[in-house]
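A lone chain, given as C-alpha cells: the form predicted alone.
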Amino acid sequence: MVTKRLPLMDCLSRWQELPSREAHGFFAPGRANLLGAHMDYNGGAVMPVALSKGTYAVAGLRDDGLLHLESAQFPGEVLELPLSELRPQREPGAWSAYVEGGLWTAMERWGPLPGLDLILHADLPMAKGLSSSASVECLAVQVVARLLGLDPDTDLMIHLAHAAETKYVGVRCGILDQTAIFLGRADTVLHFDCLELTREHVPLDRREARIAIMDTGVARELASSAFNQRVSECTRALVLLQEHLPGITCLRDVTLEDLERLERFLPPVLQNRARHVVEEFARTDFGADALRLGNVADFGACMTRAHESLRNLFEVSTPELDALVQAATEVDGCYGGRLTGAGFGGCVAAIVHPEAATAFEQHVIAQYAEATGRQTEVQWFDPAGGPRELELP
C-alpha cells in the first residue's frame, strides 16, 4: 500500500536548504458554507464550517530582511524579495498575492519581521469555492503573530486577514470566509448572523455526519459577474420594498407575510430573488435549531431545499451541480446536499453518515458520469478547528 505523504512533511523536506534559525509549523483550514446561500450581503445568517483540510506551512525568521516564499502548488515559482517592498497590488494576479497580503497587513499592524522563510503546501482544492485564498491569508497573519511572539484577539486576526484580500489583493468581498476559518471549532458548524454579528457554534458530530465535497469539473467562469448581478438585483428589490416598508434596511428584515403582500410591486425576477433570501433566512434558523437538537436529518433536508431555491429562484445552479445533488441525495445515509460557493460551477457539499461513505462514493461517481459524461471524485472532510501552530517532528 502506498502511503500518501503529508503536506507538512513536504514542506520540511525543502526546509533543510534554507537559512532560518528555527522552524515553526502552521495550519489554516478551508471552509464550506452549508446553509445561508447569498445571505451575507442581504443581512442574513450563514452556517459555514471550517474543514479538516487546508494550507500547511513551515516558517522561520531570517536576518537579512528578505522574504523567501515557495508553494508546492506552484512548483519552480520561488519568490524572493525584501519584505519592505511588499505593496498593495504589487503584482496583480500573482500566485503569491494572498500570502503577501496577509504578511503585509499583519506587519503594518504589528511591525516588521527581520526576514522570513515560508514554505507552503495544501491538501485543499484551489478555486473550488472552499476558500483556499482565505486559508492562505489567515495562515500568513497567524505566522506573523506567532513569530513576533504575539497572542492577538481573534477579531483583529479576522480583520487583518480580510484586509489582505480587500486592500492588498484588491478583491471586494465580505468577511465571511476569514470569520469562518478563524472561528473554526472541531465537531461544530458556525451560526453567524451577518447583521447582528452574533456567533454560535452548533454541534455536528463526525461520528454521525461527515462532509463530502464533490467537484463538477466545471470552472466557475461566470461566478464573479453573476454574483455582482445578484447583488444588484437584491439591492433593487430592497429599494422597491422600502417604498412600502420604510423601516427595513436589508432583505433579511422582510417577513414572508410582507413579501406575499407586496411582491406584486416587484418584477418577476426580483420576486424570485427576494423570496430566496426571505425563505433562506428562515431555513437557516430552522437548520441551526435542528443541529442544536442533534437532528442532522432535518439540517440536511434544509440543505437540499436550499439547493432547490438556488436553482429555481436565485438561478445560480448548473445542470452539473444539479446532477451531483440529485446523485448524492439518492443515497441512503445522505442527509442532504447543495452547491457551495456562489454557484455557476465549482463544488457540491453533502452531509453523509460515515457508514454510508463507500456506497455514497460509488453511486455518486457512477451516476454523475452517466448523467453528464464527466468524472468526479468525493473528498471527505470533518468540521475542524481554526488556524494553529503545529508541532514539528
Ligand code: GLA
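The first residue of the sequence shown is number 1, and the count goes up from there. Since the model is a prediction, treat every value here as computed from it, not as a measurement.
In what follows, reference is made to the form predicted in complex with ligand GLA, a form of this protein that is not presented.
Participant: Which pick from Leu83, Cys173, Leu240, Leu262 sits with a heavy atom within 4.5 Å of ligand GLA in the predicted complex?
Facilitator: The residue in contact is Cys173.
Participant: Quick check on this chain: which one of Ala37, Val364, Ala350, Ala50 has a heavy atom within 4.5 Å of ligand GLA in the predicted complex?
Facilitator: None of the others qualify; the residue that does is Ala37.
Participant: Just to confirm the contact call: exactly one of 69 to 77, 176 to 184, 204 to 212, 262 to 270 touches ligand GLA in the predicted complex at a 4.5 Å heavy atom cutoff, so which is it?
Facilitator: Of the options, only 176 to 184 has residues within 4.5 Å of the partner.
Participant: Is Asn33 one of the residues lying within 4.5 Å of ligand GLA in the predicted complex, judged by heavy atom distances?
Facilitator: Yes, contact at 4.5 Å.
Participant: Would Trp110 sit within 4.5 Å of ligand GLA in the predicted complex, counting heavy atoms only?
Facilitator: Looking in the predicted complex, residue contacts with ligand GLA do not include Trp110, since no heavy atom lies within 4.5 Å.
Participant: Does Phe227 reach ligand GLA in the predicted complex if we count a contact as any heavy atom within 4.5 Å?
Facilitator: Taking the distances in the predicted complex, the answer for Phe227 is yes, it comes within 4.5 Å of ligand GLA.
Participant: Residue-level question: is Ala342 within 4.5 Å of ligand GLA in the predicted complex, judged on heavy atoms?
Facilitator: So Ala342 counts as contacting ligand GLA.
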